[in-house]
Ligand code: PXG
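Only one chain is shown below, in structure tokens, and it's the form predicted on its own.
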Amino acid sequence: MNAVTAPTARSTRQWQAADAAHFLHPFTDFDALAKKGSRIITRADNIYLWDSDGEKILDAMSGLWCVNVGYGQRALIDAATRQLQTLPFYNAFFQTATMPAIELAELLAEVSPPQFGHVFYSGSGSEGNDTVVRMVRRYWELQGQPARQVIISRWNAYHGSTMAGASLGGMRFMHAQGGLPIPGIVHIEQPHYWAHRDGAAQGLSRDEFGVVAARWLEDKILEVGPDNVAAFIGEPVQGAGGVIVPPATYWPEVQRICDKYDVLLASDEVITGFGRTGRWFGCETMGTRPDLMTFAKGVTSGYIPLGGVLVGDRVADALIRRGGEFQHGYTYSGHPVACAVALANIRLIREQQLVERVREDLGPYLAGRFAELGEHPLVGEAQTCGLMGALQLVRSKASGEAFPAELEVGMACRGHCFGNGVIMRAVGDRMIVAPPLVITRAQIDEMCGLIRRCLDLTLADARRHGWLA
């Protein structure tokens, strides 16, 4: 048997060959990636990454929306090491618990809105949203209303890639594979002012459109029948859909509608939780009172996988007092190492006052710098919320005309970003960022300078190929 080649002895090309031979990546055309070759990331510090060729990259996406406290935080590394030495694993089945899981549950109840006193752990946000489906349907069974099975979500939402999570999500390209969505999940249109500017939003202010978009929920409840609707689930800001920041009127009207028809409200906080919007949770920024909140990503800053659902008093009381055994759970529910890292992560967020910094300083500063990028000839709209931002690329700035989808201008821009030292995600022709919460004003300036250079390079491509209107 051949010895495995030592990591330091492999070239980038060798790593790429081994990757193509054995590693099936998520959301990837495997054949296309094998021909191109993966970018091999080797180390990280603060908000920067380095690849196997020694290139330094500013990570404007926090890994995958998750490295809120930045890379290399010793407090999190030490917390994991101590817990691994003491108790690397035990489960939460068989009427047992571990101290980190209990302590984290207490801390999560402390930092979350007052209606949340309980947590159900999972290993990811996808699993957390599967739990939401099970939990809301069980709740209505306990209320003597078992017909309330239907969960309403939105098109272009993202709630994970498990069978239930992908069904809750409104990504049609995901539904096209695997016979999705599963029964009992329906969708309404998203509150995307830009996308609806020539339709439902035409002639309306953003705030007026926000009310119209929220009432699509009421229309769907009435269509399905209020006695059949269990819950509405939504991201406070649609992340993977393109950082779609809803009008300020949208979520308060959604809350009113949920209250009117006694529909549970589930807030998917996988991206917006733990300071991303300038509050601990996005629902606080948007002004809602959800019954359930899904979390993951930022709870450990991505250092160790952990997810779960914060369960509001209304649902928790039913499950605890009248529910008997809840037939649901995961091997890694409340994993002690993950919980220990989450405890260190949340304490660090508090110590460094990252939530307050995002709300009072960094978020407003990013908004100002993105407004400047919004003046670029390629940009039709610039949006931010806390430390999330989006730039809509357009064929004509004057009319807002979109590029034909087949040109894949967003992917061209993303390629320039990767080639010029900044990771920025493309969702169609919408370029998005969500940098670590530890970023400084100087680093925001650096990031925006790199983005502007990539916009200029993309504009040059568009002019050269005759893509502009």
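Quantities reported herein were computed from a predicted structural model and do not represent experimental measurements. Don't overthink the numbering: it's just position in the shown sequence, from 1.
Just so it is clear, the following notes concern the form predicted together with the ligand, a form of the same protein that is not shown.
Student: Can you work out which of M135, A101, V245, A240 has a heavy atom no more than 4.5 Å from the ligand in the model of the complex?
Tutor: That would be A240.
Student: Just give me the single entry in V270, L292, A342, L168 that has a non-hydrogen atom within 4.5 angstroms of the ligand in the model of the complex.
Tutor: Flagged contact: V270.
Student: Within 4.5 Å, heavy atoms only: does R39 come near the ligand in the model of the complex?
Tutor: Flag for R39 set to no.
Student: Although the partner isn't part of this model, could you tell me whether W251 comes within 4.5 Å of the ligand in the model of the complex, counting any heavy atom of the residue?
Tutor: Flag for W251 set to no.
Student: Since only the chain is shown here, I'm wondering whether G389 would be in contact with the ligand in the model of the complex (any heavy atom pair within 4.5 Å).
Tutor: Although the ligand is absent here, G389 would stay clear of it in the model of the complex, with no heavy atoms inside 4.5 Å.
Student: Taking 4.5 angstroms as the cut-off for heavy atoms, does H159 touch the ligand in the model of the complex?
Tutor: Taking the distances in the model of the complex, the answer for H159 is yes, it comes within 4.5 Å of the ligand.
Student: Could you tell me which stretch in 375 to 383, 232 to 240, 351 to 359, 209 to 217 has residues with non-hydrogen atoms within 4.5 Å of the ligand in the model of the complex?
Tutor: That would be stretch 232 to 240.
Student: Is it the case in the model of the complex that F116, R256 and T288 each bring at least one heavy atom within 4.5 Å of the ligand?
Tutor: So, no: the whole triplet misses the ligand.
Student: Just give me the residues of 418 to 441, first to last, that have a heavy atom within 4.5 Å of the ligand in the model of the complex.
Tutor: Only R425 sits within 4.5 Å of the partner.
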